[in-house]
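Encoded as structure tokens, the following chain is the form predicted alone, with no partner shown.
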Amino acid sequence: MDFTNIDWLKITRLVLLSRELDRLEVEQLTPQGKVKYQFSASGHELTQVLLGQALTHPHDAATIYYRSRPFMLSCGLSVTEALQAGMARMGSPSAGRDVGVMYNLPRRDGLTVLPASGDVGAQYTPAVGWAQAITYHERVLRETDWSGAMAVAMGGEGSIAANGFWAALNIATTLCLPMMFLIEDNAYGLSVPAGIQTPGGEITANLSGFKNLYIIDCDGTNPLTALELIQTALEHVRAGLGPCLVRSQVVRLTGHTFVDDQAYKPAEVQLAEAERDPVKQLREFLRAEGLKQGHTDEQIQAEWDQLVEQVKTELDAALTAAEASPEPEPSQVTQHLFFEGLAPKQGGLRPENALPALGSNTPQPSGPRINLIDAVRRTLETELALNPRMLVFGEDVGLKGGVHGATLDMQTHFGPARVFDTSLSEDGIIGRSVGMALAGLLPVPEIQFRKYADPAHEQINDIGTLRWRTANNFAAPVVVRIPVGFGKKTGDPWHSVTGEAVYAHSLGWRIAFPSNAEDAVGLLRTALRGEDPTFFFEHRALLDTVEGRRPYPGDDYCLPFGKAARLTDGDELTLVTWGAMVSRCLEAQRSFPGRVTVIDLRTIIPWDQEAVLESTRQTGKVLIVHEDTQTAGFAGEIMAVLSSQAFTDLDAPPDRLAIPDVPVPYNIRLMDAVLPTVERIRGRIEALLAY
């Protein structure tokens, strides 16, 4: 953008449009019940509008938060769309599915606005992922049109206390990424003063010693000051000099939300904020400029009044259009949780015409039996060679080759841009994956152990609902590999968690849980060529033990999700299991030849209801064995389906065998006391057969 020829009337119109839109909602639409959640941006408008007008590169992207509507209007969101969002109507960016201020904006003429999160601080790591994707597109894929692009993450001063902010700051500065942090500091996180968010209330002073970070403080209510410092920040980032943090000191002229009366602010503070109103300062600035050009006060006032009337006329027309917009159709509310055949506007490989086709679902085994971990490694290497948009990363996956050996020598073969180590931040690992996926890459992060994924739970939930809450505008098909479960020599509370039921409850995620090398190859390849976020669980007790070994099924083998394996046939009992429990169940059923059908689910989401129901109707009895804890374990879901859809076919109550509701112990005897052992499984089978 040419800042020397900035259109101040356009800037002013956008600022006034945002201000009057806030006023309309506060004074009319919210009291009428037409807008349920109202977050005013009054006092924040100027910096946001200036920045939005400046982000013109076709591969620029921004992440926003609930007070970013002025920025959205500046980036091309229409007033009608903004009203439709607040009123939960069709035509809004989420088609009425998300809160009105949770915006997203697929690329139109330039900027992409990544889907907003309702979690404070969750916006930062997706932005840093986009920034890293910029460097990947430019340096690895040699796409020169990405040169000079940048990512922006916007947030209030309250968000700087969140994990996501520090994770993103660490990544951006460590990798020297093209990213700008815009911190809008209105001195209050709802009612909490800034001094409780960060020591002294000034993040810029506290970060003054941070390496590779250019820091700018500016008055975000002053037109010329804000303009100059935003220009300086953008020039720094676009020149490839690394990330920049801008602290824009603004005012929040209204409450945090419609119901907040700001009683916690002293009267003198509110008066001082009113004096710094950016609309007031813009008006004074335009008056001074007009006088310089020889205009009279009367002419300047008339021009201002005309601009205000134009804004009100535009708002009236937009409100009429928004109120005439249809309500969302309830029959469509379950659509778009997963890929349903229609590509999103942005995110993943399909919109980029770069998605590898699924291969054969018939294995072509060759060579000796291999370990499950070797099957995973070989599949990753094959897909990396096939798909230049695929990246593998996580803690210790580079030179070390992963703590379990899954990425051994992979960095040597594919380079540190495609296989790389990360900082010790699961929030940063998963969060950056979002931005990468939305930028058209395939991120394949590794989390070292299932328990270690807990700090990333916020990002995990956001990824799963992203397609749904943007009404298929965006999708983020990442594949997260996680070793799970007890080890072959020991267990403990920190490294031995499976916890698949927790992720089964995370909407929008698929879950693969193979019990052997052949299934691991097929399920992993299907995930890597798929279009939904996927957890790929690798059981630690199967990585290099005989139970998991199978011949390699071929470089094109893709095993469909939701198709269980029927491992034995029996006519009296159906035994449903997965993961490391499969081999134990197979051993236990040998004592009852011809009487037990063993089913390996292979995938948890989706799970093969048809196969389980069919077998249960044949046998009349069912036992479910899993390694997760009993209360709210996934066996409960299976039992609920059986009870509702096969009740009259049952000859005994559905039964389950799981870990008691305790963590996995470190002591071997204690671990064996809680895990479903062959003996316990055999005993439960015997009891059910005798029922």
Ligand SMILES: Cc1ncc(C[n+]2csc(CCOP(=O)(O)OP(=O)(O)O)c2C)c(N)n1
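The numbering used is simple: start at 1 and walk along the sequence shown. Values in this document were obtained by computation on a predicted structure and should not be read as measured data.
The same protein also has a form predicted together with this ligand, omitted here; what follows describes it.
When contacts are judged by a 4.5 Å heavy atom cut-off, residue 458 counts as touching this ligand in the model of the complex.
When this ligand is considered in the model of the complex, residue 119 lines it closely, a heavy atom lying within 4.5 Å.
Looking at residue 158, you'd find a heavy atom of it within 4.5 angstroms of this ligand in the model of the complex.
Residue 65 belongs to the set of residues with a heavy atom inside 4.5 Å of this ligand in the model of the complex. Of the candidate stretches 111-119, 292-300, 467-475, 330-338, only 111-119 contains residues with a heavy atom within 4.5 Å of this ligand in the model of the complex. Distance criterion of 4.5 Å from any heavy atom to this ligand in the model of the complex singles out 190 from the list 190, 205, 90, 343. Here is the short version: of 256, 621, 377, 404, the single residue with a heavy atom within 4.5 Å of this ligand in the model of the complex is 256.
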